[in-house]
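Single chain ahead, by itself, as structure tokens, in the form predicted on its own.
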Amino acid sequence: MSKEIITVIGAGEMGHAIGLFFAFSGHPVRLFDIQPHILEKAKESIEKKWEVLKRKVRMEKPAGDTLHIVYTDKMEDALRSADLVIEAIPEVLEWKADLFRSITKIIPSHAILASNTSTISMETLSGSVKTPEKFLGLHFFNPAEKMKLVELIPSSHTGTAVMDVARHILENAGKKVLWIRNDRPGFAVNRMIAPTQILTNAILEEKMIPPEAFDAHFEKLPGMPPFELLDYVGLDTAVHTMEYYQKHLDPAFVPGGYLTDKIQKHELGRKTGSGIYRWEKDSPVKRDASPDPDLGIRHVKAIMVNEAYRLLKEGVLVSPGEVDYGLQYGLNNRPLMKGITQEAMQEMIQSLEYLADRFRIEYFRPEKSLTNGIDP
């Protein structure tokens, strides 16, 4: 039985990784970008990553020995016969809206259209789509060819059958799917770690703790330490995300002078060679530093649990188990909500009150359901 044709719009780092994932699982893929040199770079990257995947990553074997990917800078060719179209361009609302208006003029009538946005509301984006009942969000995690999780996000217009088809395609290709029940900024996993951006921003503005001293707590844990991750993602991307959260979630996400100054100097992190850290050979250069005694892992865990309570209150997810499922497959994190004792809860409340008082940021105050000892 033939597999669905997947079209990916945008051949940047995330877009071509999504294309590689689907091609590796046996789907015919059309990869579109308006810039031929981006397509050429994507092709080179895909060929290198494919060799690594074949040797190291446990995924379904591809159908045959060849990746079925067509690289094109002609949108009509990319969309022809597509069953699922995934937009993967930068997180700029106006760019995405303009693109959707163009796509919906020529997309096949049966096709599902999806956005790989990590923050922007599906409700907002659906206004640019001619058939919003066939439009939804598919948030892949980086690197998309390896990370298991995809968040499935409907708007109020998305048909249930469309959601089921998209989920079926993803799960058959080997992904773990987290169904987002309420379209809120940041969805679930990114929203869980969003307050960490408030904390890192506050640390930079306070100028009391070197980034190395905070990151030192996290060096031996899975994933990147918080400040290193900011640099890796790009300070411009981080600031853009914070500004979106500031507008649509809470004013506490306002970027401070340190980050905005870095943007003005075009010191964006890894991609420019300098940001919070200086980067050499794709690695940050860090001074030796002991872990700061006053701020560390317990504070980050506390703000993540606090945010999980907010997500459950807002109906983004329906159970603590879904929180842990998202963190496990989206961030490779250990369970956060399972087995929290009353003693641990009290320690988290104290950590949150400490952060709120120290930085004068009310967003860190513990949720009422948490302080009342109510199970989420």
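As the structure is a prediction and not an experimental result, all values here were calculated from the model. Only the largest set of C-alpha atoms that superpose within 1.5 Å between the two forms is called the rigid core. Residue numbers run from 1 along the displayed sequence.
Not pictured, yet referred to below: the form predicted together with a small molecule.
The small molecule is not drawn, but in the predicted bound form it has a heavy atom within 4.5 Å of residue 35. Residue contact with the small molecule in the predicted bound form: residue 13 places a heavy atom within 4.5 Å of it.
For the chain shown alone, residue 99 is a contact residue for the small molecule in the predicted bound form, at least one non-hydrogen atom being within 4.5 angstroms. Although the partner is absent here, residue 116 sits close enough that one of its heavy atoms falls within 4.5 Å of the small molecule in the predicted bound form.
With respect to the small molecule in the predicted bound form, the three residues 21, 84 and 173 uniformly fall beyond 4.5 angstroms at the level of their nearest heavy atom. Partner contacts here mean any heavy atom within 4.5 Å of the small molecule in the predicted bound form, and among 135 to 143, 282 to 290, 154 to 162, 259 to 267 they occur only in 135 to 143. Residue in contact with the small molecule in the predicted bound form (any heavy atom within 4.5 Å), chosen from 250, 91, 123, 219: 91. Once both forms are overlaid on the rigid core, the distance between the two CA positions of residue 237 between the shown form and the other one is 2 angstroms or more.
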